[in-house]
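Only one chain is included here, represented as structure tokens and corresponding to the form predicted on its own.
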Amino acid sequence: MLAEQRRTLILEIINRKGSVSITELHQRLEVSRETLRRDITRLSEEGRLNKIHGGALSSSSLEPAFTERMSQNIEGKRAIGRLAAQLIPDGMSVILDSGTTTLCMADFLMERRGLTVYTNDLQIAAKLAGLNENRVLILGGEVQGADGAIFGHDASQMLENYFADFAVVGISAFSPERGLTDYSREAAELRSQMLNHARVNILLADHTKFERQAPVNISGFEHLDNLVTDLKPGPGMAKAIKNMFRKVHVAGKSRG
């Protein structure tokens, strides 16, 4: 295999998955680790990927901007939000994560009465506060960028005081190889804590989050309660999802 063909394959793998290790490339391309390290160094110098210890990340391994995410598959995200809101009865306490899909879900939660909502999202808080005898508590800390999202030690410390009926958390990336992953340690830690601080957890992911990897693992969960998505996943993802989630709900349909 010519060097340029090999580097093209490396880029195709990384752009599809978000990241790859030297070990995986060695197994798939059947060339030496030293050759692969040289390839990754060359591609990194050309600005075509990000070199890390033991492998490489896609040059797009940072989470897209909020406005860009809001324009991606918005109808699928609204379908997920509508379905997920149906799982939350009146009078419940809900930990509600930041993100575009949870923001869509908040539109449908506006019909609920007497909710107690704990959220790290300023836009979600603004939608639900003052409606139908709801109580809304914002997890404290520094607002991150233009998203209106709050992560970090202060948010985690406040959440430690509460336990809810439901936690609704958005998925940044999910692959059979690495499971759930996120774009920052702070986001991964807070979302993991949210899942641990509720009686029932609901994870939201439109189909564009499947077969993707982000840099930070969300670990410690062998089984989770509910996944809500917009399209039936392919065979590889379906197996990984079945192994992790007790129930999957697909765009207005649900199956055990």
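Sequential numbering from 1, following the sequence displayed. Given the structure is predicted, the values throughout are model-derived calculations rather than measurements. Under this definition, the rigid core comprises the largest set of C-alpha atoms superposing within 1.5 Å between the forms.
Only in words, not in the display: the form predicted in complex with the DNA, which the text now covers.
Of the stretches 183 to 191, 197 to 205, 47 to 55, 213 to 221, only 47 to 55 has residues with a heavy atom within 4.5 Å of the DNA in the predicted complex. Checking 248, 11, 22, 240 against the DNA in the predicted complex, a heavy atom within 4.5 Å turns up for just one residue: 22. By the criterion of a heavy atom within 4.5 Å, residue 28 is excluded from the residues contacting the DNA in the predicted complex. Contact annotation: residue 35 falls within 4.5 Å of the DNA in the predicted complex, judged by heavy atom distances. In the core-superposed comparison between this form and the one not shown, the C-alpha atom of residue 243 has shifted by less than 2 angstroms. After superposing the rigid core, the Cα of residue 231 is displaced by less than 2 Å between this form and the one not shown.
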